[in-house]
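As structure tokens, one chain now follows by itself in the form predicted alone.
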């Protein structure tokens, strides 16, 4: 054998070994993925998607192999779902729901009522009657179309300011604080089977103004008979800030005492640039702490990631100087934190 042939064979062996190592890393020992273990343990492990994720064969394969719930990152927000009073963009939502059903995944709705990403006709509302009509039509039309096919829906999103006051949104200005009650009542009437969620960020730590106001509103809704099944904690976290586990567990347990579930709805853990091994270790610790709490607390039913790959992350554009927030890198290869979370679920 010539030295040239030997070098060629050696190179081929190295490439094959690298390919095999990637496949083993991606799916875990024995060809298992996070989804395999989550399905076996009854854990909802989901992520936010864009329409292109389901159209691209590589990304679609990744979705169905690693996650068991899908939520629209943007296409169910009113700006995209109903850009005018008479035009409904059902195509992208149909694709998500159909993809989820075809791959035995749950579909989650996000969101009906929000202060942001609204079309001009919503932002131009100037009467209670018009606002109620737009709100109730949107909820009723959507839930009637997908009746029984969407597992849970963020009915209202981010209704509080950081100081615990209700946000001065277009809905608040035109309808008043009762818009939240009316939205939930409308949703329940349209689809009694869908789980109705009130969702927000920075509401995870009991004892803060926003978290306590959020809890007080939900408690009032329960006491007044307003239909609500659970709450969403978005949990957009920073790697450099360890989780306040005591305050987070207190939040979860006080909703449990109200008979409500808790969903971790938009989990990501961003790293301040430049990314270093030490910062990645901090990120891994935050992710692991959140997942450990989710698996410990019986009323936490969903662990949902807000994106899966750094290649199309919302983080850098929103939080300047931060990146690398997700489980898959820019080449859609799993990071070490992916394996850590999978091992935790497997061992539970």
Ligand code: XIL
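Numbering follows the first chain given and starts at 1. Model, not experiment: these values are computed from the prediction.
What follows is about the form predicted in complex with the ligand, which we do not show.
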* **Candidate spot 88, 133 and 186, all three touching the ligand in the model of the complex (heavy atom, 4.5 Å)** => no
* Candidate from 37, 64, 50, 301 lying within 4.5 Å of the ligand in the model of the complex - any heavy atom -> 50
* Only one of 181, 73, 250, 92 comes within 4.5 Å of the ligand in the model of the complex by heavy atoms, so just point that one out. => 73
* With the cut-off set at 4.5 Å between non-hydrogen atoms, does residue 210 touch the ligand in the model of the complex? -> no
* To do: Indicate whether the ligand has at least one heavy atom within 4.5 Å of a heavy atom of residue 306 in the model of the complex.
  => yes
* **Partner proximity in the model of the complex: residue 169 to the ligand, non-hydrogen atom cutoff 4.5 Å** => no
* **residue 110, heavy atom within 4.5 angstroms of the ligand in the model of the complex** => yes
* Asked: Heavy atoms within 4.5 Å of the ligand in the model of the complex: which stretch among 154-162, 173-181, 238-246, 98-106?
  -> 154-162
* Mind listing which residues of 314-329 have a heavy atom within 4.5 Å of the ligand in the model of the complex? -> 314
